[in-house]
Ligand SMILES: Cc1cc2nc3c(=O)[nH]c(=O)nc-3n(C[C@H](O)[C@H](O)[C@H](O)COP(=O)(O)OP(=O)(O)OC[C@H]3O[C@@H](n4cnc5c(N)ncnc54)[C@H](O)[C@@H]3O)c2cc1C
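Quick heads-up: it's one chain on its own, the form predicted on its own, in structure tokens.
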Amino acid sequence: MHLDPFELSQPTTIEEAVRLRAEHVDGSDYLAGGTDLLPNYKMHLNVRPRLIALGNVAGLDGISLDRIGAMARLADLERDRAFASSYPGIGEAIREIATPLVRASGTVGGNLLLETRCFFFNQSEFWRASLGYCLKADGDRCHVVPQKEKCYATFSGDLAPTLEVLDAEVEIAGADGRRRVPLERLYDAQGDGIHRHHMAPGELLVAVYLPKDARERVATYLKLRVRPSFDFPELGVAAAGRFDGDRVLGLRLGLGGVETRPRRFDELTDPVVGSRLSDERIRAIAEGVVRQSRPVHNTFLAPEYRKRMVGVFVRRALTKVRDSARVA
């Protein structure tokens, strides 16, 4: 595998980066940590002739209890003692991402915008050519669910479910200025493995913002993967709650690694507010999530097994949040 030649730009401001991207919107990519993009380029997956490196762009870095720059390295966030003590659930998610070497280069923004993955997509060009390519790269059909309209590649980031259950917001910069939206709304519920964001072409993720009450929530992240030391999630479950004794003041549950986007299940958790999170309620929520989950055969583990594990991991996550709140 090798990298084809490309033109590299190194802007120093957000406005310059956005302008460069707008000038070549169909022929360029933003380059953050490169831990996902460059391996894909080596396998000739949707290669662009221009890369816009974000490492020198002012305003994309920085870590505080309220704001995380999109270019903040995962390892730096993991090592920040003040942040880790305030958000242990985010720390759990970060430690589940790849390896220490990858986290040293990988960024927060890169993990939130991670390319969706599929067994038929993340292969060498020779492998893909032998099959006839796929809808997501160079082809015109999906091999997971055979048809030519929708891509079923799976969202495989670990941070998004955890940040979603903490009601995080993201700042986005584009040609028309900047805007802030809830992280949950960044992902398109009507999209697919190709078109999955509510971002205009060329827009740039600037930062993540956490509400102050996020520090009052007990949060956790649990991950199912084949090799615990490295792999992308076959399933990721995040949960966060606020409690007054046994009474639930707020409860959020998020799922990743199963569909084309990370997903929150407020319709199942909101009815619990004001009452006790009993084992029976936890089982009922887990059963509801299982009924709504639609894994497909595009990863190493069978979809039937992943679907069963959704219920197991949801029960574990909610029980852990409830029992940790009791101890606290």
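Residue numbers here begin at 1 and follow the sequence given. Computed from a predicted model, the values in this text were never measured in an experiment.
Keep in mind that the form predicted together with this ligand is missing from the display, and what follows is about it.
- Interface membership of T162, defined by any non-hydrogen atom within 4.5 Å of this ligand in the predicted bound form, is ruled out.
- None of the heavy atoms of F126 is located within 4.5 Å of this ligand in the predicted bound form.
- At the 4.5 Å threshold, heavy atoms of V102 reach this ligand in the predicted bound form.
- Not displayed here, this ligand is approached by Y30 to within 4.5 Å at the level of heavy atoms in the predicted bound form.
- Note on the partner interface in the predicted bound form: the residue among Y187, F232, Y209, F243 having a heavy atom within 4.5 angstroms of this ligand is F232.
- Distance criterion of 4.5 Å from any heavy atom to this ligand in the predicted bound form singles out L205 from the list L205, L253, V258, I90.
- Only one segment in the set 176-184, 94-102, 210-218, 245-253 has residues whose heavy atoms sit within 4.5 Å of this ligand in the predicted bound form; it is 94-102.
- Contacts with this ligand in the predicted bound form, taken as any heavy atom within 4.5 Å, map within 153-173 to S156, G157, D158.
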